[in-house]
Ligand SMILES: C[S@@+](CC[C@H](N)C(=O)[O-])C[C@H]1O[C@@H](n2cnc3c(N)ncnc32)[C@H](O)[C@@H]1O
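Next up: a single chain in structure tokens, the form predicted alone.
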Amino acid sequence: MEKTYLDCLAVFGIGGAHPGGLLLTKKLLAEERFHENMVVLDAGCGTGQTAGYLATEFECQVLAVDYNPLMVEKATERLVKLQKDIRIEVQDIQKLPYEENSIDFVLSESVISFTTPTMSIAELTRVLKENGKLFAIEMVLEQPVSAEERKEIMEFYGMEQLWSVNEWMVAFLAAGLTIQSIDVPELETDNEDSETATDFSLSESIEEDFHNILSQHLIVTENYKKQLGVRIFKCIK
């Protein structure tokens, strides 16, 4: 089976792999008001860094899902150590097991882009309660690219689409969401802060192919740094 970029993230167990990492997550949630009865879904939880932060900082009820079993395994190891009651399982955010109108808040950090976005947005909207919120950090196309360039980016990341801000807006609105704001995040990191610095949960054996994929990711992001950007979409149902 061909190894993918997402497989690479799982093998290296990169915590806070989304742009801006946990530092951005903290800023994003700083003004939100959570309480113990609120149900928060970390949609595409990776190694569980954000889910752990949510449960520790806000004492809300946290659900965490990821499509990659290795990610869920590593997230489970992290969250067990925190001794928090966090439900974590392998699930596809395009087809969730939760009832309609059952989730208060959905956080998706660089996840929807790697699915069929129209399906994922519709499903996340379905499980949201009325007046529930969806915050999504997603890759956007800042400038037009050639067909060849678009193909290179999409094939490397395993994406079905590469959307502009306007195309993302259309998708959120079509799902029945109201867009509260679209923000350009500050993506600085503080690697001297052990809590927010990128962390790793390395697999025991990492094949050379995965090192090559990680190197290629750095090349792609550098080559297309003017064409690719990031937005925070804050939506309400």
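This is a predicted model, so every value here is computed, not measured. From 1 onward, residues are counted along the sequence shown.
Just so you know, the form predicted in complex with this ligand exists too; it's not on screen, but the next bit is about it.
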Proximity to this ligand in the predicted bound form, single hit among E77, D92, E160, E149 (heavy atom within 4.5 Å): D92
Just to confirm, with a 4.5 Å cut-off on non-hydrogen atoms, which of I213, V220, A17, L23 contacts this ligand in the predicted bound form? A17
Indicate whether I121 is a 4.5 Å heavy atom neighbour of this ligand in the predicted bound form. no
Should T125 be counted as a contact of this ligand in the predicted bound form, where contact means heavy atoms within 4.5 Å? no
Using a 4.5 Å heavy atom cut-off, state whether G52 contacts this ligand in the predicted bound form. no
With a cut-off of 4.5 Å between heavy atoms, is V11 one of the residues that contacts this ligand in the predicted bound form? no
Would you confirm whether the three residues G44, Y67 and M71 all fall within 4.5 Å of this ligand in the predicted bound form, going by non-hydrogen atoms? yes
Among the candidate stretches 128-136, 79-87, 161-169, 102-110, which one is within 4.5 Å of this ligand in the predicted bound form when only heavy atoms are counted? 102-110
What are the residues of 114-128, in order along the chain, with a heavy atom within 4.5 Å of this ligand in the predicted bound form? F114, T115
